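The chain below stands alone and is given in structure tokens; this is the form predicted alone.
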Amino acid sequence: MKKILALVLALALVLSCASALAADLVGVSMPTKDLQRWNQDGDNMEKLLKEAGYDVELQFASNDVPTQLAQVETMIDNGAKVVVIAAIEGSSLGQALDKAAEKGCKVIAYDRLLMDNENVDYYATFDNYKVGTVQGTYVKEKLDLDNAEGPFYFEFTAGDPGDNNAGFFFNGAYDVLKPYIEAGKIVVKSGQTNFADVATPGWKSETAQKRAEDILSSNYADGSKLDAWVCSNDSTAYGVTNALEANYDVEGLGWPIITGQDCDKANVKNMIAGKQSMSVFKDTRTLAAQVVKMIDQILKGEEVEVNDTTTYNNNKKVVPSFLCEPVFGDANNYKELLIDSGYYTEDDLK
């Protein structure tokens, strides 16, 4: 009997230790592998979470909302204690968010705010309005709008209307440039200055390119000079650059200032080649590290670090947020910003 009791106690101890050592599961849902930045975000998040001792379920949803919904629900059913979601469309995951709340799973919206549901616990992103102001300020300073006579000819290309961030990016840039538009120093020949008119569904390069081609043929075929094209991110900037290369006299008139965001490899190469002027760099390693810190705080029952409790209203609540700082990269500082920091290698940009 003593031997049996000893075996039972030993088994109980083993099971107790195994339970104590079992890692909490964290689900990470990324929208697509089609854009470079989401691959980097997902890989960075998975690496850091595993280093912190968590089990990770990382999924990419191929830019298909039903797929993302099913993937997130599966993560929750599999026992995830926290799910990190970069949404394809911010208002389409309510069913999964409700399930998370029912099962006690915390939700962190990642770089895209989850909308129209109260079961969003935290939001981690960059200061998205500031991303736009960095772009607008860059153009303002490069053209010396406060002192130059003008007029200067501009066009705008914004992001996906289903992405809550897209409005912040566009408004940040537009608010910097609006006084010069109202004064007539900036002229938008297409007349398209409302977000709805300049938005790019899915952030697709080919969609941005087609719209840019239409604008160029309708407004610049007479040889008019274009001074700046304010693009909210690199995928749209890439499309605009392709349209300009094929439909605008870049050799005779020169490249306009083209803004972007994310420092994608193809766009950094375009910056080096003198085609794209700048790109706002959002170091996904910084954002991923902050999210892992927030997850750790959640699972340890600690106070979760946020630095914004007023800005991001998802139509149901103001979501406590942590905002990381964006910076700009261009042909003058890309080596220091991207290569010296280890984000890219020299070979990546050849």
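Start at 1 with the first residue shown and count on from there. Everything numeric in this text was worked out from a predicted model, so none of it was measured.
From this point on, the text means the form predicted together with a small molecule, which you will not see here.
> Looking at 267, 261, 241, 157, which has any heavy atom no more than 4.5 Å from the small molecule in the model of the complex?
Partner contact (heavy atom, 4.5 Å) among the options: 261.
> Among 312, 281, 54, 38, which has at least one heavy atom within 4.5 Å of the small molecule in the model of the complex?
Of 312, 281, 54, 38, the residue with a heavy atom within 4.5 Å of the small molecule in the model of the complex is 38.
> Residue 135 versus the small molecule, in the model of the complex: is there a non-hydrogen atom within 4.5 Å?
Contact check for residue 135: no, nothing within 4.5 Å of the small molecule in the model of the complex.
> Is residue 112 one of the residues lying within 4.5 Å of the small molecule in the model of the complex, judged by heavy atom distances?
Taking the distances in the model of the complex, the answer for residue 112 is yes, it comes within 4.5 Å of the small molecule.
> Test of understanding: in the model of the complex, would residue 209 fall inside 4.5 Å of the small molecule by heavy atoms?
No.
> Is residue 169 one of the residues lying within 4.5 Å of the small molecule in the model of the complex, judged by heavy atom distances?
Residue 169: contacts the small molecule in the model of the complex.
> Within 4.5 angstroms, counting heavy atoms, which one of the listed stretches 320 to 328, 54 to 62, 30 to 38, 302 to 310 is next to the small molecule in the model of the complex?
The contacting stretch here is 30 to 38.
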